[in-house]
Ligand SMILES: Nc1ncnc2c1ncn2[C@@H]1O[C@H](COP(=O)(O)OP(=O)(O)OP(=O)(O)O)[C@@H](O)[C@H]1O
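To begin, one chain is listed below as structure tokens, in the form predicted on its own.
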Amino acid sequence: MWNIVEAARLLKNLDKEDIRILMAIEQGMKKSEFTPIKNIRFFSRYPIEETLYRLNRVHKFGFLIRNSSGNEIGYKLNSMGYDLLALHSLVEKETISQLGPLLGKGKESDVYSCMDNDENIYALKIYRMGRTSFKNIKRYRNIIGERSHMSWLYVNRLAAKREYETLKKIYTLDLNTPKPIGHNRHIIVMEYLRGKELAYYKDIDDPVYILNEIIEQMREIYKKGNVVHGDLGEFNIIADEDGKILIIDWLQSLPSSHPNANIILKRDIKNICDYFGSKYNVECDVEKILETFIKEN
């Protein structure tokens, strides 16, 4: 079971030489699933005795998968090993200093609280798309292109990079969106999000107002940021007690110039209208709302 908390706990027990061995294995995984010992020695630049000693250490800690079925023994990082390398880099850059409790668990990611050296509290999002199957790979075509297979570690890395770049772009629009703080490998660090997902509210005092706020934010992001969310629903819209809303989870986003952008945009609008219609009896005209997005754009 993947456990970033265990990786964070073990990080302080590792030597810099152990980290270097893990990074050498990661380097070798760019070309093959398992990195042979001779390549680990080459990338780490350690003598064979030191290489074997360090491999034994990090393997016992539980960061590696060992393969001895071929002509030579090889190793690859498991998810906890990948977690550890990402955490190590974020700590080294002083982006974070401590990992806090789990805040939320989704199909594709987990979110933890974290803190930096100045005791600023952030949200740490770690991609976990290996929970799903490659049978669902079509969902991630916009991330991986036409590759038929690749390591889930690398898929998660691409996903985090994609969302981080989108968050940076949206943040410049001054829409009360979370500030992206940093990212490494499959982890994003951002400002802590107050409030909770729409899906978890039993009732809202003024649902028409909240719906209008959502539509307005979508419109601003579309017109000024040239971005369509692509997977919008009640589980990725956060509302706080003051009625401020925040759209999250931009993994499936696409530029407004994309050939299917207006089709996807209409689907996003319909998802939100359907939710408010079924739960709060709020009526809205999807076609008219769509017109306000695309005219003069």
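Start at 1 with the first residue shown and count on from there. For clarity, every value in this text was computed on a predicted model and none was experimentally measured.
Beyond the structure shown, there is the form predicted in complex with the ligand, which is absent from this document and is the topic of what follows.
K.L.:
Can any non-hydrogen atom of Lys107 be found within 4.5 angstroms of the ligand in the model of the complex?
P.N.:
Yes, Lys107 lies within 4.5 Å of the ligand in the model of the complex.
K.L.:
Any chance Ala199 has a heavy atom within 4.5 Å of the ligand in the model of the complex?
P.N.:
Output for Ala199 is no: heavy atoms all beyond 4.5 Å of the ligand.
K.L.:
Considering non-hydrogen atoms and a 4.5 Å limit, does the ligand approach Met29 in the model of the complex?
P.N.:
Because no heavy atom of Met29 falls inside 4.5 Å of the ligand in the model of the complex, the answer is no.
K.L.:
Using a 4.5 angstroms cut-off on non-hydrogen atoms, would Met115 count as touching the ligand in the model of the complex?
P.N.:
Residue-level check for Met115: no, no contact with the ligand.
K.L.:
Work out which of the listed stretches, 241-249, 54-62, 263-271, 40-48, brings a heavy atom within 4.5 angstroms of the ligand in the model of the complex.
P.N.:
So the stretch in question is 241-249.
K.L.:
Just one of Ile204, Ala160, Val111, Leu175 has a heavy atom within 4.5 angstroms of the ligand in the model of the complex, so which one?
P.N.:
The residue in contact is Val111.
K.L.:
Have a look at Leu211, Ile181, Ala123, Ala86 for me and say which one sits with a heavy atom within 4.5 Å of the ligand in the model of the complex.
P.N.:
Contact check passes for Ala123.
K.L.:
For this chain shown on its own, do Thr166, Glu216 and Ile221 all sit within 4.5 Å of the ligand in the model of the complex, going by heavy atoms?
P.N.:
Spot residues vs the ligand: no contact at all.
K.L.:
Pick out the residues of 181-196 whose heavy atoms come within 4.5 Å of the ligand in the model of the complex.
P.N.:
The stretch touches the partner through Met190, Glu191, Tyr192, Leu193.
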